[in-house]
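Okay, so here's just one chain, in structure tokens, the form predicted on its own.
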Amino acid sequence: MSGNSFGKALVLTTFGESHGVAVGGVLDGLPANLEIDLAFIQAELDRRRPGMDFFSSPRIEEDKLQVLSGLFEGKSTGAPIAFIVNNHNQKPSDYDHLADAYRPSHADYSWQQKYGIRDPRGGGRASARETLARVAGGAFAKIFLQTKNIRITAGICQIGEYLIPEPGSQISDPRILAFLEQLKSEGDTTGGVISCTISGVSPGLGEPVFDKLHADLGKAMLSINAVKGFEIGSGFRGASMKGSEHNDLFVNRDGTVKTLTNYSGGIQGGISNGEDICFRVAFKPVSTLMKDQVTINSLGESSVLHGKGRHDVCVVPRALPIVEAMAALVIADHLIRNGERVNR
């Protein structure tokens, strides 16, 4: 199986299955002499952890990070950083009824066709539990970005059909909470949209052809489980605008080149222009429902799939640190490609 690594100069390789012994990763290319705050990395993992609210999976995991290599006396050595998180709250029996069934909109059928074997326990390698390793790797990248005064902030801007005018990390709107409670009682799910802003990126990051900065961000976001859409700046709305409306006019502000608007989303020609990098990521509804669905089994026979297991009503709140982590990996990777090291 290929495709388990992400990045060029800063490379994250992840491993592990949802109900295996552990999940983890190896982060290679992080500059040496970077002071590593393990408490910060653990806090990022806690943001993604299941069982934290009424609408997330009730699976209870401590998700305690164990770093195996690459650190000495609290600093990165420049060697690969290997880390694991053990799985504890496993209930593989919850998935016995899926051994021969193809769950609608899951990777079961396509995975079986590609590899001829699959792990039905929570989706195995295709499970969103793999994103734990991304959050950990992204947290290391965030620490590096902090030395460059780069900040990444993601917020929820839509749940189902409900738009949230001021994106944030919590769902507090009574209408949305009632909607989610109704869905949970019905055994159903919904999707949503996350907006993300990267501030502090200097002009000149990214490459002009295949390694455009926004192209790498797009690949990073679309590699996250359940993501079905990515748009940067004006996105699809830009298709209905006139050029005279969409062009970001340049101005000189106290000796610094800025733009009056930011429809480009902080990237022009694949290269950062110094404005905030702004993008949005769309997540589909969670595919596992707590209600019966008609499907087929491995013999091609029609069958009824009974809702069972531990799953999110809406994955968006737990996806916030995943979006930030993947964005951090992209920006850090491009900085290191440009020769950036730890400020001493």
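These figures come from a predicted structure and were not determined experimentally. Quick note: we count residues from 1 along the sequence shown, nothing fancier.
Missing here is the form predicted together with another copy of the chain; even so, the following discussion is about that form.
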Contact test in the predicted complex: G70 vs another copy of the chain, heavy atoms, 4.5 Å: yes
Does at least one non-hydrogen atom of L289 fall within 4.5 angstroms of another copy of the chain in the predicted complex? yes
4.5 angstroms heavy atom contact with another copy of the chain in the predicted complex for A282: yes
Heavy atoms within 4.5 Å of another copy of the chain in the predicted complex: does I296 have any? yes
Report the residue, out of L180, I156, I232, A139, that has at least one non-hydrogen atom within 4.5 angstroms of another copy of the chain in the predicted complex. I232
Stretch 208-222: residues contacting another copy of the chain in the predicted complex, 4.5 Å heavy atom cut-off: P208, V209, F210, D211, K212, H214, A215, D216, G218, K219, L222
